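Shown below, as structure tokens, is a lone chain in the form predicted on its own; questions about how it binds or moves come after it.
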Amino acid sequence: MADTNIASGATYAPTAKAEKVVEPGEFNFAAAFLDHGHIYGQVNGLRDAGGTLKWVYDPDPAKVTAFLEKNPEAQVADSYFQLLEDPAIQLVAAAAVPSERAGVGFQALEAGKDYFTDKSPFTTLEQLATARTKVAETGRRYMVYFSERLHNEGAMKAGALIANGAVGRVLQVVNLAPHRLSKGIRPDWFFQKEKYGGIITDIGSHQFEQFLSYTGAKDATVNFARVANFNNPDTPGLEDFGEASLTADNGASFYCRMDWFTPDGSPVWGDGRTFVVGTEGSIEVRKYMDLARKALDSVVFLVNGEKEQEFQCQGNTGFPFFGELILDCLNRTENAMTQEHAFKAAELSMKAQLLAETQ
């Protein structure tokens, strides 16, 4: 397994050997609006599963040049509309400025393409409401790159164990999501709240998606949410800390903390952890490192009524979501992720953000 830069979440882009679910040219996709480095992970995942990258577009030639260094097979489009008009393109992958992701996606849907956006997929509930309408009208998918589960082998292993009943019924999920700020390499929009949507809308959407996935919940109530700028007075639009508590419609509880305080001594961009308590056992996921022992690493610890186990996931579990997504686009199924699941994770994160801002 290779990664561009494990020290920076802005450029971290996993790749892995994967089962190719299609032959070359059978599933063609384009990359557009390269504002966040997550686009490289999105492209890697689709290509690892057999997808064919045909086009790239960004209004900034420098971003296109950098992209072509890693993805030389892509043709450069003169405009976003050029790639949308290509009947061979089945899906558009994009990582635009968060406040602009919905508009980019609506154009893709209207052009008959499925859309695969970086998280967060929206910055306002109004955008989400329009997306629900557009999806219903076009029959196209508005999928989201929730990479902290979909592109993390420990997180995927935990989901498989839970689905197989390893911990019984899930009672609580706790997610700790520290991130490295890397302030000097961040674009201006990163510090403008109206553009990134707030820390819970942004990073929190990852965490809420994991909560829904592990508990099997369809909805939840936000009990508590808080945001703050503790240590960055020079960028007042940045929220560097956030936390939230939720209760799911099936009774499961959730707490998450997200922040921009990964210390410089850490070799990875964030020591993300997930803790799952069930009626029959518990799980800890050390998602990106085993502190003071190994980095990059992805480890799952399980204890239940049978025994305790450690699963070394790095390079062993893989990322099945991307192949499932390709097949869903081709077959119009919903095996990788349901549309409602993706939308609900975003909805809850934005509701929590609004609660934090009004308390």
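For every residue, the number given is its place in the sequence shown, counted from 1. Computed from a prediction, not measured in an experiment: that's the story for all the values here.
Keep in mind that the form predicted together with another copy of the chain is not shown, yet the notes after this line are about it.
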Exercise: S182 in contact with another copy of the chain in the model of the complex, heavy atom 4.5 Å: no
Non-hydrogen atom contact F191 with another copy of the chain in the model of the complex at 4.5 angstroms: no
Heavy atom of E284 within 4.5 Å of another copy of the chain in the model of the complex: yes
In the model of the complex, F224 touching another copy of the chain (heavy atom, 4.5 Å): yes
Another copy of the chain in the model of the complex: contacted by all of F230, A292 and Q309, heavy atom 4.5 Å: yes
Heavy atom within 4.5 Å of another copy of the chain in the model of the complex - the one residue of T124, Q107, S266, Q82 that qualifies: S266
Contact assignment for another copy of the chain in the model of the complex, among S147, S99, S213, S253, heavy atom within 4.5 Å: S253
Contact segment among 191-199, 99-107, 139-147, 235-243, judged by heavy atoms lying within 4.5 Å of another copy of the chain in the model of the complex: 235-243
